[in-house]
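The data below hold one chain only, encoded as structure tokens and taken in the form predicted on its own.
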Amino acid sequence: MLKVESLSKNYDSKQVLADVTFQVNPGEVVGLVGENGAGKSTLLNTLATLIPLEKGHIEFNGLRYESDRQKLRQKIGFIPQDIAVWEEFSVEENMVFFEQLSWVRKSREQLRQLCLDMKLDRWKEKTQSLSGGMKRKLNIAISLIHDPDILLLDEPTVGIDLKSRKEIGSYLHDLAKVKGKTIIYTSHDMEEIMTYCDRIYVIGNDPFYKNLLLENGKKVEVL
């Protein structure tokens, strides 16, 4: 279980996160929505241990962010908004390269199966020739090499075709429900958020997102 208590973050004199408290259970898919600059990416980067914890308390499966950062990083899969793959490598070469950086060993067949599970079947194809949706799938597959318990995704379906968006959303939902992963992700695609997320948190003071979700019968909480 992920527990976040009284998390606050300032950049100079600007407060980005103010006393944020929530929890996420294993097997849940949680969506984060809000206007640009509301603090969604800051929250994800803090949960990914990429931004130091300044005020508040975060704990995941008994590991404390204040003292167990290295152990936590072995449990976390983080997919930033910018695609981070080697364009000149094939899908296979990317997967093998990142597997060598991981603390979990996987065979080439296991790596290929990760891609096939996401409907990414261009194993020998150069990454630079893939569509945006295929590159997003590769990015997610790379993040799953070490079999993380919690997956954090920042706009994982931005700028890609509808078919790829649906395939990624469905895969993430199944990953949580079948394998018990904890999944948190941001998106501006409200239909996607409403379709695949068990719970939705709104960050920021803009009432637009909260009202839209309530109108569609979704349970929503403002952080």
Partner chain sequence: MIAILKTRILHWRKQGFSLICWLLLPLLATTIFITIADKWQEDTKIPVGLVVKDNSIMADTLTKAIEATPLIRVEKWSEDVALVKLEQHELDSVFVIEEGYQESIKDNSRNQLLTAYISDMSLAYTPVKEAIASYAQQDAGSSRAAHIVRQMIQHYNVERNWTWDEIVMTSNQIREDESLLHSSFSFHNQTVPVQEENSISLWNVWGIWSFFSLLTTFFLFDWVIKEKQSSIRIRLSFLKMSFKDYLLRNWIVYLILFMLFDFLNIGILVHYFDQSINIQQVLALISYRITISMAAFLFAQCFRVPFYYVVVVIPITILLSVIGGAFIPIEGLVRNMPWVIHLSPVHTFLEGKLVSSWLILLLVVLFIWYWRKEKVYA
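Just so you know, these numbers come straight off a predicted model, no measurement behind them. Numbering follows the first chain given and starts at 1.
We do not show the form predicted in complex with its partner chain, though everything after this point is about it.
> With the partner absent here, would Gly132, Leu175 and Thr195 each sit within 4.5 Å of its partner chain in the predicted bound form, counting heavy atoms only?
The answer is no; none of Gly132, Leu175 and Thr195 reaches its partner chain.
> Among 163-171, 43-51, 29-37, 187-195, which stretch sits within 4.5 Å of its partner chain in the predicted bound form, heavy atoms only?
In short, 43-51.
> May I ask you to state whether Cys115 is within 4.5 Å of its partner chain in the predicted bound form, using heavy atom distances?
Taking the distances in the predicted bound form, the answer for Cys115 is no, it never comes within 4.5 Å of its partner chain.
> Would you classify Lys71 as touching its partner chain in the predicted bound form, given a 4.5 Å non-hydrogen atom cut-off?
No, Lys71 is distant from the partner.
> Though only this chain appears here, would Leu153 touch its partner chain in the predicted bound form if you measure heavy atom gaps against 4.5 Å?
No, Leu153 sits far enough from its partner chain in the predicted bound form that none of its heavy atoms falls within 4.5 Å.
> Does any heavy atom of Glu93 come within 4.5 Å of a heavy atom of its partner chain in the predicted bound form?
Answer yes; at least one heavy atom of Glu93 falls within 4.5 Å of its partner chain in the predicted bound form.
> Heavy atoms within 4.5 Å of its partner chain in the predicted bound form is the criterion; list the residues of 68-87 that meet it.
Heavy-atom contacts to its partner chain in the predicted bound form: Arg69, Gln70, Arg73, Ile76, Phe78, Pro80, Asp82, Ile83, Ala84, Val85, Trp86.
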